[in-house]
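Only one chain is shown below, in structure tokens, and it's the form predicted on its own.
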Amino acid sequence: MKVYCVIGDQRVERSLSPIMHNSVFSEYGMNCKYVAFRIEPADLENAVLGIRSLNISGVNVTVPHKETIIPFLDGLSDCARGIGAINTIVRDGPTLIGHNTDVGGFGDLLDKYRVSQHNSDVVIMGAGGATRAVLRSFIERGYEKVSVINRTYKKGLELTAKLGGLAIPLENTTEVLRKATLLVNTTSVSEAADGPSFMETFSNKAKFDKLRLVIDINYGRKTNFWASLAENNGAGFTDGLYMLAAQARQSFRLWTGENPVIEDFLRPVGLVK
């Protein structure tokens, strides 16, 4: 049996990746198993040694390890090297190569909602590993108006200097959002309790007349103030479940050489019948 896994902090225990991948492995008659492992940051190097010694066939990487795991790998794909973050590890004999399927997965989400770069004014919240993939996807597609807002302005500046876009100080959020047509949350904050400091900007009274779509790349939250923000402004909303399935499909293809359709990953989580 081949073993695949996803690694992350305590949040990985709620991941739907095992349900998706195990369903597709079963459908294709493959003797494989996909599991979730909780790995704390201090244990990351030892975890990679474990992946090597246990002959794990492939790995997905989620928060907070997408950037910090890179020094422990043997190489990177061109895409992963370009953005400085990975979410997928492919075993090539004794070597572990880091890839980033979040870029393509987010691109698939934009295609699903028929989002075009024409007349799009994009705001991205965050500056972590997931932000890098989302920003790279927009830049590759030719978006010219992409603003990045992060609590730490310096980190936003470093990110946009490398990948493109414009870093905006957090205190200018409201002003920038008044012009935005698309808002993407790449932070871990989706519920009021996660980030009380967000509430003043993203309250029920916040009005952004040009906003057409809000994307929160998180999923599975009981409440979601990004969804409320979209509803209050007459905008569409989607969470990150479709993106999860889209990037999972690309990881699966890298690991196995098989090319399942996106519906194979959406079906186990109830997004299609």
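Being a predicted model, the structure only gives us computed values, none of them experimental. Numbering starts at 1 and follows the sequence shown.
The protein also exists as the form predicted together with a small molecule; that form is not presented, and the subsequent description refers to it.
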{"query": "Candidate stretches 115-123, 144-152, 69-77, 175-183, one within 4.5 Å of the small molecule in the model of the complex by heavy atom", "finding": "144-152"}
{"query": "Position in contact with the small molecule when the complex is considered in the model of the complex, options Val63, Ala235, Leu241, Ala36, heavy atoms within 4.5 Å", "finding": "Val63"}
{"query": "Partner-contacting position among Ser137, Thr187, Thr88, Thr160 - heavy atom within 4.5 Å of the small molecule in the model of the complex", "finding": "Thr187"}
{"query": "Heavy atom of Asp194 within 4.5 Å of the small molecule in the model of the complex", "finding": "yes"}
{"query": "In the model of the complex, Gly164 touching the small molecule (heavy atom, 4.5 Å)", "finding": "no"}
{"query": "The small molecule contact at Gly129 in the model of the complex, heavy atom, 4.5 Å", "finding": "yes"}
